[in-house]
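Single chain ahead, written as structure tokens, the form predicted alone.
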Amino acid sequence: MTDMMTYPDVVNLAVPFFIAAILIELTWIAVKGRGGRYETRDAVTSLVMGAGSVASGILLGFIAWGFFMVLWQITPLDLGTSWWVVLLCFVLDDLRYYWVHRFGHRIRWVWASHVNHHSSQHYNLTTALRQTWSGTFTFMMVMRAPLILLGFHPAMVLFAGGLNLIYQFWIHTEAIGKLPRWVEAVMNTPSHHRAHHGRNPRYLDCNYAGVFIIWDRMFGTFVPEIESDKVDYGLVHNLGTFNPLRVAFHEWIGMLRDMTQPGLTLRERVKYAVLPPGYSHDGSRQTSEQIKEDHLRANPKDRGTPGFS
């Protein structure tokens, strides 16, 4: 079994591409007067969040890597490094990403880390860089365990994850409309991901894919971007701040505050961590399902349309 294996750090190698693409998008918007917009404070916050995510990865990455190497030592399987193994790893890792992302919207403990990515009220390439600082504490690293136990080397799994992250960068734009039908049918695209970032009732909790939108089509979470329901970006309750510390940790603080309220049962405290965002023991808040139900009561004509099954 091969213990030592190295792959290039593709995310760091892609940084010049990220910068160039942001400049191109910014120029396009300025010249054409369409395709999105930038707000300086918002873009700076996203860039700071991206830098903080890199720093947290450097400081805490040893935890996930150590866990992965323990798994690698105990698995009897080793699929090697053939090109088809890397390709299979990439596809299966994207399926892994789909479920991690879905958990990130449906389990508040994981949402506390992921929420910062949705906190911008703008949608441009800098939004892609608005990444978590606290992903290690969600323990979603365990979702990569099956891949390693199946014989994919940890370095290969992380390489596949890096490629996945790079792919997702370019779909954070309004400058690209809908692509040919066959592309939209198979791949995650700017149109699909714009819907994912919407706070409209229709678009809540949809399109979790990283690379292949087929996962959403398979598991019933696909909602197309609809021209008559223009995407409104951000959170159901927007933050109203550009402070990176608040962006990074506000939901962790809110969740812990809810869990430590006086007078709650242990069951209610646990529910604040494991049930979807918006859960409250007294019904004073709304989950995404309840928001959709309220919308349908006010707009019954939308029943049966995409996003309102």
Partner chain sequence: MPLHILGPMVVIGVIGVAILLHLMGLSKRLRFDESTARAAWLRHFPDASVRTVHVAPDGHAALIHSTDGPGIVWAMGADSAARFVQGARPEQRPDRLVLHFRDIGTPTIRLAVPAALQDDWLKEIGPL
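It should be emphasised that the depicted structure is a prediction, and the values quoted were computed from it without experimental measurement. Positions refer to the first chain, counted from 1.
There is another form of the same protein, the form predicted in complex with its partner chain; it is not shown, and what comes next is about it.
For this session: Report whether all of 47, 51 and 54 sit within 4.5 Å of its partner chain in the model of the complex, measuring from non-hydrogen atoms.
Result: Yes, the whole trio is in contact, each within 4.5 Å by some heavy atom.
For this session: With its partner chain left out of view, choose which of 217, 178, 199, 106 has a non-hydrogen atom within 4.5 angstroms of it in the model of the complex.
Result: Answer to the contact question: 199.
Exercise. With a 4.5 Å heavy atom cut-off, would you call residue 64 a contact of its partner chain in the model of the complex?
Worked result: No, no contact at 4.5 Å.
For this session: Could you confirm whether residue 115 comes within 4.5 Å of its partner chain in the model of the complex, counting heavy atoms only?
Result: Contact with its partner chain, no.
Exercise. Would residue 281 count as touching its partner chain in the model of the complex under a 4.5 Å heavy atom rule?
Worked result: Heavy-atom contact with its partner chain at 4.5 Å: absent for residue 281.
Problem set entry | Non-hydrogen atom contact residue 266 with its partner chain in the model of the complex at 4.5 angstroms | Judged by the heavy-atom cut-off of 4.5 Å, residue 266 is well away from its partner chain in the model of the complex.
Exercise. When its partner chain is placed as it is in the model of the complex, which of 147-155, 209-217, 106-114, 230-238 ends up with heavy atoms within 4.5 Å of it?
Worked result: Only one stretch qualifies here: 230-238.
For this session: Could you run down 243-267 and flag each residue that has a heavy atom within 4.5 Å of its partner chain in the model of the complex?
Result: Going through 243-267 in order - heavy atoms within 4.5 Å of its partner chain in the model of the complex - the hits are 246, 250, 253, 257.
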